[in-house]
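Consider the single chain below, provided in structure tokens and representing the form predicted on its own.
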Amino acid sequence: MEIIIQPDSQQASQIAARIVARLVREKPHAVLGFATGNTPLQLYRNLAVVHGDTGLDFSDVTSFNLDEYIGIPRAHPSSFHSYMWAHLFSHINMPKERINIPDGMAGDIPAACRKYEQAIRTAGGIDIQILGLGTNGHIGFNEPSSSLSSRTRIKTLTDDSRLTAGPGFGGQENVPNHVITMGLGTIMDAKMCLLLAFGKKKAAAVARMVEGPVTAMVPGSVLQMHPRTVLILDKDAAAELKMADYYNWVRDHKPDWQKY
């Protein structure tokens, strides 16, 4: 893992945007994996600004989202379809036909999951998978105890995840119990994983993920085994890392060609 610690989420998100923008410039047919939630919002705003200011071209980019709730229509204001169009797709020139988000209204969920896996393979695999981190250590909606080799599938949400999502649904009782999510094995197939985590409430999960054992009880810890994972943290999310000084030293002494 490469750990990049920044003073705040704004500066962290700017670095993340530079990483994504560099890939799109160097590989116009890049395949991007997108996450939702509060954490990547600044990243998506930055990408929209870069697109508007410099003409960063997304016309040949393909995207796959991590997850979607089961049983709510795409037009629901709390669906991840709605989130992505509101915060990114309406602001860049990515063609609709290149956008892939799991279908939570599919009649045959297992078949839809297999189709999603095949679509990722057909596209050539994901170049950068953007990730957030749950306070319980989940990535995507791979809740604790998820198989470290799991593929895209149906997953039952924990009470904590439903509580977190509650405000968007007018209360926890209205949050769906199930989602479709990329599995940990699917995420690990990405050529690069780019994980963002901000705020003190993420500090314990970050420390367990980075410096603890690889365990299904902290699903994000599987990224310790990924050949190219970049974690971009603000100082609050990094507060419980025992080796934070070393991570900072490594970043400060990288050769120029390795810097973002």
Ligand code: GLP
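In case it trips you up, residue 1 is the first one in the sequence shown, and so on. What you see is a predicted model; the values in this text were computed from it and never measured.
Keep in mind the form predicted in complex with this ligand is missing from the figure; the text below concerns it.
Asker: Answer with one of G132, G137, G183, P176: the residue that has a non-hydrogen atom within 4.5 Å of this ligand in the predicted bound form.
Answerer: Selected residue: G132.
Asker: Among the candidate stretches 223 to 231, 30 to 38, 209 to 217, 44 to 52, which one is within 4.5 Å of this ligand in the predicted bound form when only heavy atoms are counted?
Answerer: Going by heavy atoms within 4.5 Å, the stretch is 30 to 38.
Asker: Could you confirm whether Y116 comes within 4.5 Å of this ligand in the predicted bound form, counting heavy atoms only?
Answerer: Outside the cut-off, so no.
Asker: Hey, in the predicted bound form, is L66 touching this ligand, heavy atoms inside 4.5 Å?
Answerer: Yes - in the predicted bound form, heavy atoms of L66 and this ligand come within 4.5 Å of each other.
Asker: For the heavy atom contacts within 4.5 Å of this ligand in the predicted bound form, list the residues of 222 to 253 involved, in sequence order.
Answerer: If the 4.5 Å heavy-atom criterion is applied to this ligand in the predicted bound form, 222 to 253 yields nothing.
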